[in-house]
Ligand code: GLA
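Only one chain is given next, in structure tokens, and it is the form predicted on its own.
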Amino acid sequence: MSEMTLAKAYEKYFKIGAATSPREFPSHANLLRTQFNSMSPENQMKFGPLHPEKAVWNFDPADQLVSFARENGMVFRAHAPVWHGGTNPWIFENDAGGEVSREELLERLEEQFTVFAARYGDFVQYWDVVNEAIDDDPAKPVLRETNWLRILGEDYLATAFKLAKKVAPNVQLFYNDYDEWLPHKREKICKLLKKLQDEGAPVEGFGMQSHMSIYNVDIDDVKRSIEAFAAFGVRLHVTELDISLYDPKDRSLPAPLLTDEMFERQAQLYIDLFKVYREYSDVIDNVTTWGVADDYTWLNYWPVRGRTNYPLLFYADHRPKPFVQEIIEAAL
């Protein structure tokens, strides 16, 4: 009998995914094939990387990821064209170097979506259309101040979803955001989901990024958030799961000493989270980690460059961490 893997163990619950990029996934190919059945691109399908200049498209990195997923029978989550990051200056500039008009920006957005859908729409199952549009400050309005908002107006999210559905009618469309388990952020996300639904936006899912730390997660808040989002009738995905060993408020370098107790807290949090995800598998369809294994993680570069973190399910040598077996056995 073949070794039980995460993907196999969770077949009756949800897909197990990982975000990756062409520079790293060759070394992770075997791990991806065996432990995961869903893939996401880190940056390769964002507006800027895919369309770096007005007359230049860069399909090769995204093509590599899609080909790998297709060859290995994996589902694919696309991510994320409408974002305050991941764009190049030309997107918001007219040919004279001034700010682009609303009409021209909408034309560029529709072109981006149309080209994307023509190339990937027959394979991509899920698409984070809009990413991180909410302001973190509880005292500020719901929407983050961005070029998209300033140029297109408050209905830009609904417009983006409608454009995406027009060109990719068979792809399930998601809004994606972080800190979604925190009460003040949950409240704003719910306001936005209601606004989108009232505007007739075809938002069909919410992506719970779940960039967490051993210091800032209350499991009961995670449950309350899942229930609040599910009440809107949307499907839920965990889209960018990782658990930092550092307090997000601590941006010191050198890093504080890592202790056994910190790793134990991380393990228990992963175990508790997967228990919650199983309990809510009637509304959760996908659990994706932001990275494959600890040999490559964005948290080595953010918020402090050069501070090594160990936030994922697999060690740098691709062995599963001990708690992964407990997560597998709990599913069986």
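Just so it is clear, the structure is predicted and the values come from calculations on it, not from any experiment. All residue numbers refer to positions in the sequence shown, first residue = 1.
If you look for the form predicted in complex with the named molecule, you will not find it shown, but the lines that follow are about it.
For the three residues 42, 176 and 298, a heavy atom within 4.5 Å of the named molecule turns up in the model of the complex in every case. Within this chain, residue 131 lines the site of the named molecule in the model of the complex, having a heavy atom no more than 4.5 Å away. In the model of the complex, at least one heavy atom of residue 83 sits within 4.5 Å of a heavy atom of the named molecule. In the model of the complex, the named molecule sits within 4.5 Å of a heavy atom belonging to residue 79. The closest heavy atom approach of residue 211 to the named molecule in the model of the complex falls within 4.5 Å.
The stretch from 281 to 289, 265 to 273, 22 to 30, 42 to 50 that comes within 4.5 Å of the named molecule in the model of the complex, counting heavy atoms only, is 42 to 50. In the model of the complex, just one residue of 212 to 241 lies within 4.5 Å of the named molecule by at least one heavy atom: 240.
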